[in-house]
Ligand SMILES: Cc1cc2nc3c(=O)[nH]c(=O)nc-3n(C[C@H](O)[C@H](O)[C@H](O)COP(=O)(O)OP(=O)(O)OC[C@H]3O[C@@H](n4cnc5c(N)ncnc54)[C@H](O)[C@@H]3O)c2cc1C
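As a starting point, one isolated chain is supplied in structure tokens, in the form predicted on its own.
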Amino acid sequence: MNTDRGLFPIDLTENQIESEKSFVKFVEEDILPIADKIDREDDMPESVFERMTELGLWGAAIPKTYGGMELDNMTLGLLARALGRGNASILSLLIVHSMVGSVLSRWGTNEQKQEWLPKLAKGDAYASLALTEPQGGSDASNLKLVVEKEGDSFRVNGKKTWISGAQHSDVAIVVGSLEGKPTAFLIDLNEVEGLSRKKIQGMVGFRGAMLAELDFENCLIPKSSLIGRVGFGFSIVAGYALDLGRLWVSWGCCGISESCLKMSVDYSAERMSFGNKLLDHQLIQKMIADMMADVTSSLLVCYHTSKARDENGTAVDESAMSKYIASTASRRVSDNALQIFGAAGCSESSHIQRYWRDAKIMELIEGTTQIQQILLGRHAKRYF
């Protein structure tokens, strides 16, 4: 794996370049050798968590004040890109962990920040974002999980599902309906009574993301669990988290696409068919050219979005555009790669089939392709 930045090199600082080298080294040495094993066993080994703790990666998006790395958005993107090349499940775990840390940094109370951010930064605790429910995926505002006031506490009833990292996470931001309004709560999952976790396995992709269903049955949580105010949960808390998550996913898609492209070029340059190398066939050349175009356009839009976030603090439309372009591109690129490899790419011994499955999941998480299209179409008038 190299750190070349495509046909049109992007402008990075020396610190960003050095950080990228360290991320790539981590992926090459610690992730790629076990990436397919993680997928086959549908689990994430403890050694990965320990190594990420040693490198400080759990605190990548958390302020230095609380022991984090406080990386800029460009460097965070380079980290996501490297992890996408390695194993998307690890990226998923870090994304949700970082989304929670970022939300707490901005909207949490002083008590919540002091209690949780140092633990999250060091990897002493792991976090999940519990937004999706069994009855609704993309329609996350149609909440069935109900929270009711009870004295100085809240009573929680309902389910959250497809939650990354929830098999082992210590804390979660849970969005539920309080007084008929979407509201966010920070819940210590190890302390609340009445909570049960159901392990989810056998997914198409992201098989090491430690997915689980969280079932809250008459769970009593303290008043201090509230994040922000009543009604603050969806448009503010979830919206802010998803904006960050979409950018990370986009960069991860770049990593998947780049890996598929490189493997396809290497394979087609060696594989013989009808007396010629595959790469000498014009139809294969067309597929490679399409893959190169998708990889380059994805990388450029992600670079633009990270730059916008670093300069302006937010980039909602840009993040949606990045997610739309990069995720659909990674699906096309991985599909072409599988077509080029044929049966060899379908084998468990090939990374291609794993990239292909994970790329499809990338189109679904942090808002489906159709949700991004709706957001972009709705906001298009702003630019004309």
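Bear in mind the structure is a predicted one, so any value in this text is a computation, not a measurement. Residue numbers here begin at 1 and follow the sequence given.
This next part talks about the form predicted together with the ligand, which is not shown.
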property	result
Interface segment, criterion being heavy atoms within 4.5 Å of the ligand in the predicted bound form, picked from 296-304, 187-195, 127-135, 71-79	127-135
4.5 Å heavy atom contact, Ile10 to the ligand in the predicted bound form	no
4.5 angstroms heavy atom contact with the ligand in the predicted bound form for Ile374	yes
Interface membership of Met203, the ligand in the predicted bound form, 4.5 Å heavy atom rule	yes
Contact flag, Val96 vs the ligand in the predicted bound form, heavy atom cut 4.5 Å	yes
Within 4.5 Å of the ligand in the predicted bound form, all of Trp162, Ile365 and Gln370 (non-hydrogen atom)	yes
Sole residue of Leu143, Met291, Leu226, Leu211 within 4.5 Å of the ligand in the predicted bound form, by heavy atom	Leu211
